[in-house]
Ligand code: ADP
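Next up: just one chain, as C-alpha coordinates, the form predicted alone.
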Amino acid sequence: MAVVQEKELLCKEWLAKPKKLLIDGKWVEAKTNKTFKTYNPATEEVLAEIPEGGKEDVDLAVKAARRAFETGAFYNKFSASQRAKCLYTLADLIDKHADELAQLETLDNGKPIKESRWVDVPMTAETFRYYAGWCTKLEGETINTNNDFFTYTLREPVGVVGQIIPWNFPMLMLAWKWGPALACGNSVILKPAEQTPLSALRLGELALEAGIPEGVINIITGLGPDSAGEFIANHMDIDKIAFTGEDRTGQIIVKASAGNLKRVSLELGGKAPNIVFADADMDAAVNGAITGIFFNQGQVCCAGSRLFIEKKAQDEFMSKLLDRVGKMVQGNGLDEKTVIGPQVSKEQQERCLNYIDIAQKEGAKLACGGERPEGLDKGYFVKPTVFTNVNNDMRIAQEEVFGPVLSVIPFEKMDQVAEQANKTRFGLSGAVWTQDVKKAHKFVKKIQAGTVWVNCYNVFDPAVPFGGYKQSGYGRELGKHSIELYSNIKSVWMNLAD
(Lines give C-alpha, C1' and ligand atoms only; values in the text may rest on other atoms or scores of the structure.)
Protein backbone atom coordinates (compact mmCIF):
# COMPACT_ATOMS: atom_id res chain seq x y z
CA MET A 1 0.00 0.00 0.00
CA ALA A 2 1.28 3.45 -0.87
CA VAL A 3 1.74 6.36 1.49
CA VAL A 4 -1.56 7.76 2.73
CA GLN A 5 -2.30 10.75 0.52
CA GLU A 6 -3.27 14.15 1.90
CA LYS A 7 -6.83 13.79 0.66
CA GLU A 8 -7.11 10.53 2.62
CA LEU A 9 -6.05 12.08 5.93
CA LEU A 10 -8.93 11.77 8.37
CA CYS A 11 -7.30 14.38 10.61
CA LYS A 12 -6.79 16.94 7.81
CA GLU A 13 -9.76 19.11 8.75
CA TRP A 14 -8.85 19.02 12.44
CA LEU A 15 -5.24 19.98 11.72
CA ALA A 16 -6.41 23.09 9.89
CA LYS A 17 -8.28 24.43 12.91
CA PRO A 18 -6.56 26.89 15.29
CA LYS A 19 -5.04 25.14 18.31
CA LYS A 20 -5.78 26.39 21.82
CA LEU A 21 -5.20 25.55 25.48
CA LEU A 22 -7.81 23.65 27.48
CA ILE A 23 -8.54 25.48 30.75
CA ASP A 24 -11.65 24.99 32.86
CA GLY A 25 -13.51 23.15 30.14
CA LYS A 26 -12.92 25.84 27.50
CA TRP A 27 -10.50 26.15 24.61
CA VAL A 28 -8.66 29.45 25.04
CA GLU A 29 -5.77 31.43 23.59
CA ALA A 30 -2.48 31.49 25.50
CA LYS A 31 -2.02 34.66 27.55
CA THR A 32 1.52 34.91 26.17
CA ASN A 33 0.18 35.36 22.61
CA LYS A 34 3.13 33.18 21.59
CA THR A 35 3.08 30.05 19.45
CA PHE A 36 5.52 27.38 18.35
CA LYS A 37 5.48 24.97 15.43
CA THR A 38 5.05 21.21 15.45
CA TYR A 39 6.59 19.38 12.49
CA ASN A 40 6.07 16.20 10.53
CA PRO A 41 9.45 14.51 11.12
CA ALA A 42 9.17 12.51 7.88
CA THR A 43 8.81 15.60 5.67
CA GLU A 44 9.98 18.48 7.91
CA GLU A 45 6.73 20.28 7.05
CA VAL A 46 4.84 22.32 9.64
CA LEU A 47 1.71 20.52 10.85
CA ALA A 48 0.28 23.24 13.10
CA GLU A 49 0.95 26.33 15.17
CA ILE A 50 0.66 25.50 18.86
CA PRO A 51 0.00 27.99 21.70
CA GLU A 52 2.94 28.49 24.03
CA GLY A 53 1.46 28.50 27.50
CA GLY A 54 3.17 30.58 30.16
CA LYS A 55 2.97 31.23 33.88
CA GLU A 56 -0.39 33.01 33.75
CA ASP A 57 -1.90 30.13 31.78
CA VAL A 58 -0.57 27.59 34.27
CA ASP A 59 -1.94 29.67 37.15
CA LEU A 60 -5.39 29.76 35.54
CA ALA A 61 -5.30 26.01 34.90
CA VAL A 62 -4.28 25.28 38.49
CA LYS A 63 -7.06 27.51 39.82
CA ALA A 64 -9.58 25.72 37.62
CA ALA A 65 -8.29 22.33 38.71
CA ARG A 66 -8.33 23.37 42.38
CA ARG A 67 -11.87 24.68 42.12
CA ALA A 68 -13.03 21.48 40.42
CA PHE A 69 -11.38 19.39 43.09
CA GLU A 70 -12.57 21.40 46.09
CA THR A 71 -16.15 21.42 44.82
CA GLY A 72 -15.96 17.68 44.25
CA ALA A 73 -16.83 18.01 40.57
CA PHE A 74 -15.49 14.57 39.72
CA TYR A 75 -15.19 13.02 43.18
CA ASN A 76 -18.17 13.85 45.39
CA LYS A 77 -20.72 14.99 42.82
CA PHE A 78 -19.95 11.99 40.62
CA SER A 79 -20.43 8.52 42.02
CA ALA A 80 -17.66 6.00 41.41
CA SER A 81 -19.76 4.35 38.70
CA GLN A 82 -20.32 7.72 37.00
CA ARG A 83 -16.57 8.33 36.92
CA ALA A 84 -16.15 4.88 35.46
CA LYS A 85 -18.75 5.61 32.80
CA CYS A 86 -16.82 8.70 31.68
CA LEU A 87 -13.62 6.67 31.29
CA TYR A 88 -15.40 3.85 29.48
CA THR A 89 -17.00 6.40 27.15
CA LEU A 90 -13.62 8.00 26.48
CA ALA A 91 -12.21 4.58 25.57
CA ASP A 92 -15.13 3.99 23.20
CA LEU A 93 -14.56 7.38 21.56
CA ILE A 94 -10.89 6.51 21.06
CA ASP A 95 -11.96 3.30 19.31
CA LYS A 96 -14.44 5.26 17.20
CA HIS A 97 -11.74 7.67 16.03
CA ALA A 98 -8.94 5.10 15.95
CA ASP A 99 -7.83 5.63 12.35
CA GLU A 100 -7.83 9.42 12.72
CA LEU A 101 -5.85 9.25 15.96
CA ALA A 102 -3.35 6.81 14.49
CA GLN A 103 -2.70 9.12 11.54
CA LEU A 104 -2.33 12.09 13.86
CA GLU A 105 0.18 10.23 16.03
CA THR A 106 2.22 9.11 13.03
CA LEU A 107 2.22 12.60 11.50
CA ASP A 108 3.40 14.24 14.73
CA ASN A 109 5.81 11.57 16.00
CA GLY A 110 6.92 9.81 12.81
CA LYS A 111 6.31 6.25 13.98
CA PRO A 112 5.00 3.66 11.48
CA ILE A 113 1.24 3.74 11.03
CA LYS A 114 1.03 0.05 11.89
CA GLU A 115 2.47 0.81 15.32
CA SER A 116 0.17 3.77 15.86
CA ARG A 117 -2.93 1.91 14.72
CA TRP A 118 -2.36 -1.51 16.27
CA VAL A 119 -0.30 -0.65 19.38
CA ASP A 120 -0.65 2.96 20.57
CA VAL A 121 -4.35 3.54 19.90
CA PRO A 122 -5.77 0.24 21.21
CA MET A 123 -3.48 0.27 24.26
CA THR A 124 -4.58 3.82 25.03
CA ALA A 125 -8.23 2.75 24.97
CA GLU A 126 -7.53 -0.36 27.04
CA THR A 127 -5.69 1.67 29.67
CA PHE A 128 -8.76 3.85 30.17
CA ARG A 129 -10.97 0.77 30.37
CA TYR A 130 -8.69 -0.79 32.95
CA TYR A 131 -8.79 2.29 35.18
CA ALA A 132 -12.52 2.71 34.64
CA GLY A 133 -12.79 -0.60 36.45
CA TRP A 134 -10.79 0.75 39.37
CA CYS A 135 -13.25 3.59 40.03
CA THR A 136 -15.59 1.24 41.91
CA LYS A 137 -12.82 -0.62 43.71
CA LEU A 138 -11.08 2.09 45.71
CA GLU A 139 -11.67 0.68 49.15
CA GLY A 140 -10.58 1.43 52.68
CA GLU A 141 -10.32 -1.16 55.44
CA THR A 142 -11.28 -1.69 59.05
CA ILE A 143 -8.50 -2.33 61.57
CA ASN A 144 -9.50 -4.10 64.78
CA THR A 145 -6.79 -3.26 67.27
CA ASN A 146 -8.57 -1.74 70.28
CA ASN A 147 -12.08 -2.50 71.51
CA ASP A 148 -12.53 1.09 72.72
CA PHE A 149 -12.21 2.42 69.16
CA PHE A 150 -13.62 1.71 65.74
CA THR A 151 -10.73 2.36 63.35
CA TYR A 152 -10.91 2.40 59.59
CA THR A 153 -9.20 3.95 56.57
CA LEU A 154 -10.45 5.99 53.63
CA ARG A 155 -8.72 6.19 50.25
CA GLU A 156 -9.05 9.72 48.90
CA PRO A 157 -7.65 11.59 45.87
CA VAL A 158 -4.43 13.58 46.23
CA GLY A 159 -5.90 16.76 44.75
CA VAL A 160 -4.41 18.77 41.89
CA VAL A 161 -1.91 16.83 39.79
CA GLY A 162 0.61 18.16 37.28
CA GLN A 163 1.51 15.67 34.56
CA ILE A 164 4.37 16.07 32.09
CA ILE A 165 4.63 13.48 29.33
CA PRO A 166 7.23 12.68 26.65
CA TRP A 167 7.12 12.65 22.86
CA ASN A 168 7.81 8.98 22.16
CA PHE A 169 4.33 7.62 23.00
CA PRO A 170 2.20 10.78 23.30
CA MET A 171 -1.26 9.15 23.46
CA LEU A 172 -0.24 6.16 25.52
CA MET A 173 1.67 8.20 28.11
CA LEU A 174 -1.35 10.47 28.44
CA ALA A 175 -3.52 7.45 29.22
CA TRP A 176 -0.99 6.12 31.74
CA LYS A 177 -1.21 9.46 33.53
CA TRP A 178 -4.89 10.36 33.16
CA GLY A 179 -6.26 6.86 33.82
CA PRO A 180 -5.30 6.37 37.49
CA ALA A 181 -5.49 10.09 38.32
CA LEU A 182 -9.09 10.35 37.12
CA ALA A 183 -10.11 7.00 38.56
CA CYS A 184 -9.12 8.31 41.99
CA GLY A 185 -11.02 11.59 41.46
CA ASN A 186 -8.13 14.02 41.02
CA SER A 187 -7.98 17.10 38.79
CA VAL A 188 -5.09 17.32 36.33
CA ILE A 189 -2.97 19.81 34.41
CA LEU A 190 -1.26 18.03 31.53
CA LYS A 191 1.72 19.34 29.61
CA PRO A 192 2.40 17.29 26.47
CA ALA A 193 5.85 17.35 24.88
CA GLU A 194 6.39 20.32 22.60
CA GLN A 195 7.46 17.96 19.78
CA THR A 196 4.17 16.01 19.83
CA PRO A 197 1.25 18.01 21.28
CA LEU A 198 -1.46 17.14 18.77
CA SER A 199 -2.92 13.88 20.06
CA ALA A 200 -3.21 15.30 23.58
CA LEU A 201 -5.28 18.21 22.27
CA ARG A 202 -7.52 15.85 20.30
CA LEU A 203 -7.97 13.57 23.31
CA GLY A 204 -8.85 16.63 25.35
CA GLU A 205 -11.78 17.20 23.00
CA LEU A 206 -12.85 13.58 23.35
CA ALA A 207 -12.56 13.77 27.15
CA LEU A 208 -14.99 16.69 27.24
CA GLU A 209 -17.29 14.78 24.89
CA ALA A 210 -17.12 11.82 27.28
CA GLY A 211 -18.60 13.98 30.05
CA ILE A 212 -15.59 14.77 32.22
CA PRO A 213 -16.54 17.99 34.06
CA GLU A 214 -15.03 21.43 33.52
CA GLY A 215 -11.72 21.99 35.26
CA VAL A 216 -11.01 18.32 35.89
CA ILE A 217 -8.78 18.08 32.81
CA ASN A 218 -6.62 21.00 31.70
CA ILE A 219 -4.02 20.95 28.91
CA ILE A 220 -1.22 23.49 28.67
CA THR A 221 0.99 23.17 25.61
CA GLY A 222 4.35 24.86 25.72
CA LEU A 223 8.05 24.40 26.18
CA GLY A 224 9.98 22.98 29.12
CA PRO A 225 12.60 25.19 30.84
CA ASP A 226 11.46 28.74 31.60
CA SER A 227 8.00 27.85 30.32
CA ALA A 228 4.95 25.72 31.03
CA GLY A 229 6.82 22.63 32.20
CA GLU A 230 8.91 24.52 34.72
CA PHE A 231 5.95 26.54 35.98
CA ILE A 232 3.98 23.34 36.61
CA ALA A 233 6.89 21.70 38.43
CA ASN A 234 7.38 24.73 40.68
CA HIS A 235 3.73 25.58 41.32
CA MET A 236 2.90 25.82 45.03
CA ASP A 237 -0.74 24.79 44.60
CA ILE A 238 -0.04 21.53 42.78
CA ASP A 239 -0.12 18.52 45.10
CA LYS A 240 1.68 16.00 42.93
CA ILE A 241 3.86 15.83 39.82
CA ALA A 242 4.03 12.81 37.53
CA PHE A 243 6.82 12.94 34.97
CA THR A 244 8.04 10.64 32.22
CA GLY A 245 11.16 11.65 30.37
CA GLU A 246 14.89 12.20 30.57
CA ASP A 247 16.64 11.47 33.88
CA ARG A 248 18.31 14.86 34.26
CA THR A 249 14.97 16.61 33.84
CA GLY A 250 13.61 14.29 36.52
CA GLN A 251 16.30 15.51 38.90
CA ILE A 252 15.29 19.12 38.23
CA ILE A 253 11.65 18.28 38.95
CA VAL A 254 12.56 16.63 42.26
CA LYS A 255 14.43 19.77 43.31
CA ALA A 256 11.48 21.94 42.25
CA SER A 257 9.10 19.84 44.35
CA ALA A 258 10.84 20.88 47.56
CA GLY A 259 8.96 24.20 47.62
CA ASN A 260 5.76 22.64 48.93
CA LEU A 261 6.97 19.02 49.24
CA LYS A 262 4.62 17.93 46.47
CA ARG A 263 4.61 14.23 45.78
CA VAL A 264 6.60 13.11 42.75
CA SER A 265 6.61 9.98 40.62
CA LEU A 266 9.20 9.53 37.90
CA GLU A 267 9.61 7.17 34.96
CA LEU A 268 12.98 8.04 33.47
CA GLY A 269 15.61 6.65 31.15
CA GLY A 270 17.04 3.21 30.65
CA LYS A 271 19.94 1.27 29.18
CA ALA A 272 18.37 -2.16 29.14
CA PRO A 273 20.42 -5.34 28.88
CA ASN A 274 18.96 -7.84 26.40
CA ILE A 275 20.73 -11.11 27.24
CA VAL A 276 20.82 -14.08 24.88
CA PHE A 277 22.12 -17.43 26.12
CA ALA A 278 23.36 -20.07 23.69
CA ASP A 279 20.43 -22.37 24.50
CA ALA A 280 17.86 -19.77 23.41
CA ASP A 281 15.54 -20.12 20.43
CA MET A 282 17.76 -18.07 18.13
CA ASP A 283 15.07 -16.99 15.67
CA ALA A 284 12.83 -15.79 18.50
CA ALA A 285 15.75 -14.02 20.17
CA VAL A 286 16.67 -12.24 16.93
CA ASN A 287 13.09 -11.07 16.56
CA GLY A 288 13.17 -9.92 20.18
CA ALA A 289 16.41 -8.02 19.68
CA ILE A 290 14.94 -6.21 16.66
CA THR A 291 11.76 -5.35 18.54
CA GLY A 292 13.81 -4.34 21.56
CA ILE A 293 15.88 -1.70 19.80
CA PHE A 294 14.13 -0.70 16.57
CA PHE A 295 10.51 -0.43 17.72
CA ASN A 296 9.51 3.26 17.54
CA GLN A 297 12.93 4.02 16.01
CA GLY A 298 14.61 3.06 19.31
CA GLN A 299 12.89 5.99 21.02
CA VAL A 300 11.77 3.85 23.94
CA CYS A 301 12.85 4.20 27.58
CA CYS A 302 13.05 0.43 27.94
CA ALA A 303 14.81 -0.18 24.60
CA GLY A 304 17.14 -3.19 24.61
CA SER A 305 20.10 -1.10 23.54
CA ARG A 306 22.77 -3.40 25.05
CA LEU A 307 22.64 -6.85 23.47
CA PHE A 308 24.68 -9.39 25.45
CA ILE A 309 25.26 -12.62 23.46
CA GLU A 310 26.87 -15.79 24.76
CA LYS A 311 30.07 -16.17 22.70
CA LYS A 312 29.39 -19.63 21.35
CA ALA A 313 26.14 -18.40 19.78
CA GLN A 314 27.46 -15.07 18.56
CA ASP A 315 28.25 -15.96 14.95
CA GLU A 316 24.88 -17.62 14.29
CA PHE A 317 22.97 -14.85 16.02
CA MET A 318 24.75 -11.97 14.31
CA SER A 319 24.34 -13.55 10.87
CA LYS A 320 20.58 -13.77 11.34
CA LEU A 321 20.34 -10.36 12.98
CA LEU A 322 22.20 -8.46 10.28
CA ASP A 323 20.27 -10.27 7.55
CA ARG A 324 16.97 -9.20 9.12
CA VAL A 325 18.08 -5.62 9.80
CA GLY A 326 19.25 -5.24 6.21
CA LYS A 327 15.74 -6.00 4.96
CA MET A 328 13.91 -3.52 7.18
CA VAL A 329 11.97 -0.90 5.21
CA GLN A 330 12.60 2.67 6.29
CA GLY A 331 10.50 5.61 5.22
CA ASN A 332 7.46 7.80 5.86
CA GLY A 333 5.43 6.42 8.73
CA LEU A 334 2.19 6.80 6.78
CA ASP A 335 3.40 4.10 4.37
CA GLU A 336 2.05 0.71 5.44
CA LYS A 337 5.33 -0.91 4.33
CA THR A 338 7.43 1.21 6.67
CA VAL A 339 9.01 -0.60 9.62
CA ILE A 340 11.26 2.26 10.76
CA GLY A 341 10.26 5.89 10.48
CA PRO A 342 12.24 9.05 11.23
CA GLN A 343 13.49 10.26 14.58
CA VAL A 344 11.07 12.70 16.17
CA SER A 345 13.15 15.83 15.50
CA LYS A 346 16.29 17.23 13.95
CA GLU A 347 17.77 17.44 17.42
CA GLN A 348 17.13 13.74 18.01
CA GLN A 349 18.58 12.79 14.63
CA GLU A 350 21.75 14.73 15.39
CA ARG A 351 21.96 13.17 18.84
CA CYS A 352 21.92 9.68 17.33
CA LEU A 353 24.50 10.52 14.67
CA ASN A 354 26.73 12.13 17.29
CA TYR A 355 26.67 8.98 19.44
CA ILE A 356 27.45 6.87 16.37
CA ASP A 357 30.52 9.05 15.78
CA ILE A 358 31.56 8.79 19.44
CA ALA A 359 31.21 4.98 19.39
CA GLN A 360 33.52 4.64 16.38
CA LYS A 361 36.11 6.94 17.95
CA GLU A 362 36.05 4.78 21.09
CA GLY A 363 36.74 1.63 19.06
CA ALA A 364 33.31 0.12 18.41
CA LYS A 365 32.96 -1.54 15.00
CA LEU A 366 30.06 -0.52 12.77
CA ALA A 367 28.32 -3.69 11.53
CA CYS A 368 25.53 -1.86 9.68
CA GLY A 369 23.83 1.52 9.43
CA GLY A 370 25.47 4.49 11.07
CA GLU A 371 24.27 7.22 8.72
CA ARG A 372 21.30 8.91 7.11
CA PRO A 373 19.61 6.61 4.59
CA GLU A 374 20.09 7.27 0.89
CA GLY A 375 17.08 8.38 -1.10
CA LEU A 376 15.35 10.11 1.81
CA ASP A 377 16.31 13.72 1.26
CA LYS A 378 13.76 15.09 3.70
CA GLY A 379 13.03 13.93 7.22
CA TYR A 380 15.00 13.15 10.35
CA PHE A 381 16.03 9.60 9.45
CA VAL A 382 18.83 7.45 10.89
CA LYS A 383 19.56 4.00 9.50
CA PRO A 384 19.11 1.08 11.92
CA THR A 385 22.59 0.73 13.37
CA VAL A 386 24.44 -2.18 14.96
CA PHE A 387 27.84 -1.97 16.68
CA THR A 388 30.10 -4.89 17.56
CA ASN A 389 33.40 -4.86 19.45
CA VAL A 390 31.66 -2.85 22.17
CA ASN A 391 33.02 -2.62 25.69
CA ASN A 392 30.40 -2.11 28.41
CA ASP A 393 32.31 0.93 29.68
CA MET A 394 31.99 2.81 26.39
CA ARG A 395 29.66 5.79 26.27
CA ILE A 396 27.54 4.01 23.65
CA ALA A 397 26.89 1.29 26.25
CA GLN A 398 26.36 3.56 29.24
CA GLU A 399 24.48 6.61 27.96
CA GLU A 400 20.94 6.62 26.62
CA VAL A 401 21.05 7.28 22.88
CA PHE A 402 17.26 7.02 22.44
CA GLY A 403 17.57 5.94 18.85
CA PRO A 404 17.98 2.87 16.60
CA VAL A 405 21.50 2.10 17.79
CA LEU A 406 22.39 -1.35 19.15
CA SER A 407 25.55 -2.26 21.06
CA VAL A 408 26.54 -5.95 20.90
CA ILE A 409 28.62 -7.27 23.80
CA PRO A 410 29.74 -10.93 24.01
CA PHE A 411 29.94 -12.88 27.29
CA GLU A 412 30.98 -16.34 28.51
CA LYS A 413 29.63 -16.81 32.05
CA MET A 414 26.31 -16.04 33.78
CA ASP A 415 27.87 -14.19 36.72
CA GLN A 416 29.98 -12.12 34.34
CA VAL A 417 27.01 -10.99 32.26
CA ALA A 418 24.87 -10.28 35.32
CA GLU A 419 27.55 -7.95 36.66
CA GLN A 420 27.89 -6.21 33.31
CA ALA A 421 24.13 -5.94 32.86
CA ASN A 422 23.78 -4.14 36.18
CA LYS A 423 26.78 -1.88 35.58
CA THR A 424 24.73 1.18 34.64
CA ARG A 425 23.05 4.00 36.50
CA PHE A 426 19.72 2.88 35.04
CA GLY A 427 17.44 0.01 36.00
CA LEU A 428 14.23 0.23 34.02
CA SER A 429 14.10 -3.07 32.18
CA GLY A 430 15.94 -6.07 30.80
CA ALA A 431 15.36 -9.36 29.03
CA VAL A 432 16.63 -12.93 29.15
CA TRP A 433 16.51 -15.49 26.33
CA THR A 434 16.95 -19.13 27.33
CA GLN A 435 15.02 -22.40 27.13
CA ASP A 436 16.27 -23.40 30.58
CA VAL A 437 13.48 -22.47 33.00
CA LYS A 438 15.68 -22.78 36.09
CA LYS A 439 18.33 -20.53 34.56
CA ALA A 440 15.67 -17.98 33.64
CA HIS A 441 14.24 -17.79 37.17
CA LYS A 442 17.69 -17.54 38.75
CA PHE A 443 18.84 -14.89 36.32
CA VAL A 444 15.75 -12.72 36.65
CA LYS A 445 16.61 -12.27 40.33
CA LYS A 446 20.09 -11.03 39.42
CA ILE A 447 18.89 -8.20 37.15
CA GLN A 448 18.40 -4.85 38.87
CA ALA A 449 15.43 -3.57 36.90
CA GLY A 450 11.74 -2.88 37.32
CA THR A 451 10.71 -5.13 34.41
CA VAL A 452 12.43 -8.25 33.11
CA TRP A 453 11.05 -10.08 30.09
CA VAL A 454 11.85 -13.76 29.52
CA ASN A 455 11.80 -14.97 25.91
CA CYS A 456 9.89 -11.84 24.84
CA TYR A 457 10.37 -8.07 24.69
CA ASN A 458 8.26 -4.92 24.93
CA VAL A 459 5.19 -6.73 26.23
CA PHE A 460 2.81 -4.53 28.25
CA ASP A 461 -0.61 -4.70 29.85
CA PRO A 462 -2.45 -2.02 31.84
CA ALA A 463 -2.73 -4.44 34.78
CA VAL A 464 1.04 -5.02 35.08
CA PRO A 465 3.13 -2.35 36.90
CA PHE A 466 5.97 -0.57 35.12
CA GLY A 467 8.75 1.53 36.59
CA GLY A 468 12.43 1.63 37.41
CA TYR A 469 15.22 0.96 39.84
CA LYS A 470 18.12 3.34 40.45
CA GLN A 471 18.13 6.47 38.26
CA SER A 472 15.30 5.13 36.12
CA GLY A 473 12.92 6.71 38.58
CA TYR A 474 10.53 5.73 41.35
CA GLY A 475 6.89 4.87 41.68
CA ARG A 476 5.05 2.39 39.49
CA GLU A 477 2.69 3.19 36.67
CA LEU A 478 -0.02 0.81 35.50
CA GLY A 479 -1.68 -1.87 37.58
CA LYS A 480 -3.04 -1.35 41.05
CA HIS A 481 0.26 0.18 42.15
CA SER A 482 -0.37 3.41 40.25
CA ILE A 483 -3.47 3.96 42.38
CA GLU A 484 -1.04 4.55 45.25
CA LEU A 485 0.51 7.43 43.28
CA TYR A 486 -2.79 9.29 43.02
CA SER A 487 -4.47 8.65 46.36
CA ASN A 488 -4.04 9.39 50.06
CA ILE A 489 -4.87 7.12 52.97
CA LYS A 490 -6.82 8.70 55.83
CA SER A 491 -7.04 6.87 59.16
CA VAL A 492 -10.19 7.40 61.22
CA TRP A 493 -10.49 6.71 64.99
CA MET A 494 -13.99 6.63 66.44
CA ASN A 495 -14.21 6.51 70.22
CA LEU A 496 -16.55 3.76 71.43
CA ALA A 497 -15.49 3.82 75.10
CA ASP A 498 -18.20 4.30 77.76
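Fair warning: this is a prediction, and the values are worked out from it, not measured in the lab. Numbering starts at 1 and runs along the sequence shown.
Only in words, not in the display: the form predicted together with this ligand, which the text now covers.
| query | Looking at this ligand in the predicted bound form, is some heavy atom of each of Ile164, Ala193 and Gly224 within 4.5 Å of it? | reply | The answer is yes; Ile164, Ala193 and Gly224 each reach this ligand.
| Contact residue in the predicted bound form, chosen from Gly229, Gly292, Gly427, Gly369 - any heavy atom within 4.5 Å of this ligand | In short, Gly229.
| task | Quick one: from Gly215, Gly245, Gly298, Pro157, grab the residue that has a heavy atom within 4.5 Å of this ligand in the predicted bound form. | result | None of the others qualify; the residue that does is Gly245.
| query | Where, among 124-132, 89-97, 380-388, 194-202, do residues come within 4.5 Å of this ligand in the predicted bound form by heavy atom distance? | reply | Single hit among the candidates: 194-202.
| query | Does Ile252 reach this ligand in the predicted bound form if we count a contact as any heavy atom within 4.5 Å? | reply | The answer is yes: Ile252 has a heavy atom within 4.5 Å of this ligand.
| query | Which residues in 119-147 have a heavy atom within 4.5 Å of this ligand in the predicted bound form? | reply | Counting only heavy atoms within 4.5 Å of this ligand in the predicted bound form, no residue of 119-147 makes contact.
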